[in-house]
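Listed next as structure tokens is one chain, alone, in the form predicted alone.
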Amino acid sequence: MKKTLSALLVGSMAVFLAACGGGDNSKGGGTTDDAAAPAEQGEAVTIRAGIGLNSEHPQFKGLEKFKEIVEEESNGTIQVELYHSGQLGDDRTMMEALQLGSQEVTVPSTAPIANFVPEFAVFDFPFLFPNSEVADAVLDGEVGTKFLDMLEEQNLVGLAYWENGFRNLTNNERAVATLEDFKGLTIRTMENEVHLEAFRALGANPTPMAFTELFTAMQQGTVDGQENPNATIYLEKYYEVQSYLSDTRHVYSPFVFLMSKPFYDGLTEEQQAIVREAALEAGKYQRELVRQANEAYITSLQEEGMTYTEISDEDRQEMIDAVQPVIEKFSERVGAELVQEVYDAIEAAQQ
């Protein structure tokens, strides 16, 4: 009888405690409305951060640094889950997930962002930045901030610029050293109008394709080549299916650290400050890593059997001249005044 009474008493207490501790779910999350509500002090939230590149790339190392900073500064109340190699989808899919609030972070290049905010196309103008230092000065200054602010209309928050790097050409047909060498090459590009028209102006046949499909396409000969920074070329093992690498440096490609606006708006002011500072600090770390890698991997790619070709100043100028009509065309689309503001900032950064 005593045992029966004890069991009933324990059961009653369990029901009472459950009612006290779990009866109000309005502060917890689990619905779209809950996610947008300000987080309570000390309440745990989770950030799912996804990218297309693999776990060895400096971009992922930057995300690991972001995770480390955020979890430490928030005393574990913000947890960060990391996904690489397109596990959460391609850039467009992940950006759309951010807009819906079903994913919290992704770090795409500016090229796919231009499909959402057309003004970002200016950062894909060929031969825009002369070097990384000038790019830093412009992107981290007033002009860069102006572009990040444009993202909010698309339900996105831009927290920082990271770096993908200068994009170089690889292919399986021949060494590319001159403008003439581009002719007839089928080159995979991102789904970006500026890139497509620039390669047409250079004489190539650009083919937009998802990043996750690229290796197989080169392996099967669907495309002759592709264009990416050296770190991506090496870490994705494109040397297994590509023979020639040229230092075309035709586009400087920034990454933009994006957060879902519904999620960001649901954070406390303190949590917002933590993720902002973490994105900036991790970005400085990531930039240094990617610059070291892009330089070092030139040697590594040659050791893997690729033929490396440097472009002379004279030949590079011919390429710049060939794409000038593309720059003029898209300057009108983006807005001549805005484009001029970017070029003025570049000029000021070089003085």
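None of the values given here were measured: they were computed from a predicted structure. Start at 1 with the first residue shown and count on from there.
Omitted from view is the form predicted together with 2-keto-3-deoxygluconate, to which the following refers.
*Asks:* Looking at the partner-bound form in the predicted bound form, is Arg249 within 4.5 Å of 2-keto-3-deoxygluconate by any heavy atom?
*Replies:* Outside the cut-off, so no.
*Asks:* Would you please decide whether Val290 lies within 4.5 angstroms of 2-keto-3-deoxygluconate in the predicted bound form, comparing each non-hydrogen atom pair?
*Replies:* Answer no; every heavy atom of Val290 is more than 4.5 Å from 2-keto-3-deoxygluconate in the predicted bound form.
*Asks:* Against 2-keto-3-deoxygluconate in the predicted bound form, would Phe211 count as a contact residue? Criterion: heavy atoms within 4.5 Å.
*Replies:* Yes - in the predicted bound form, heavy atoms of Phe211 and 2-keto-3-deoxygluconate come within 4.5 Å of each other.
*Asks:* Could you confirm whether Lys261 comes within 4.5 Å of 2-keto-3-deoxygluconate in the predicted bound form, counting heavy atoms only?
*Replies:* So Lys261 does not count as contacting 2-keto-3-deoxygluconate.
*Asks:* For the chain seen here without its partner, which of 198 to 206, 263 to 271, 241 to 249, 162 to 170 has a heavy atom within 4.5 Å of 2-keto-3-deoxygluconate in the predicted bound form?
*Replies:* Among the candidates, contact is made by 162 to 170.
*Asks:* Can you work out which of Ile47, Val326, Leu53, Leu301 has a heavy atom no more than 4.5 Å from 2-keto-3-deoxygluconate in the predicted bound form?
*Replies:* Of the listed residues, the single hit is Leu53.
*Asks:* Output the sequence-ordered list of residues from 252 to 278 with at least one heavy atom within 4.5 Å of 2-keto-3-deoxygluconate in the predicted bound form.
*Replies:* Residue within 4.5 Å: Phe255 only.
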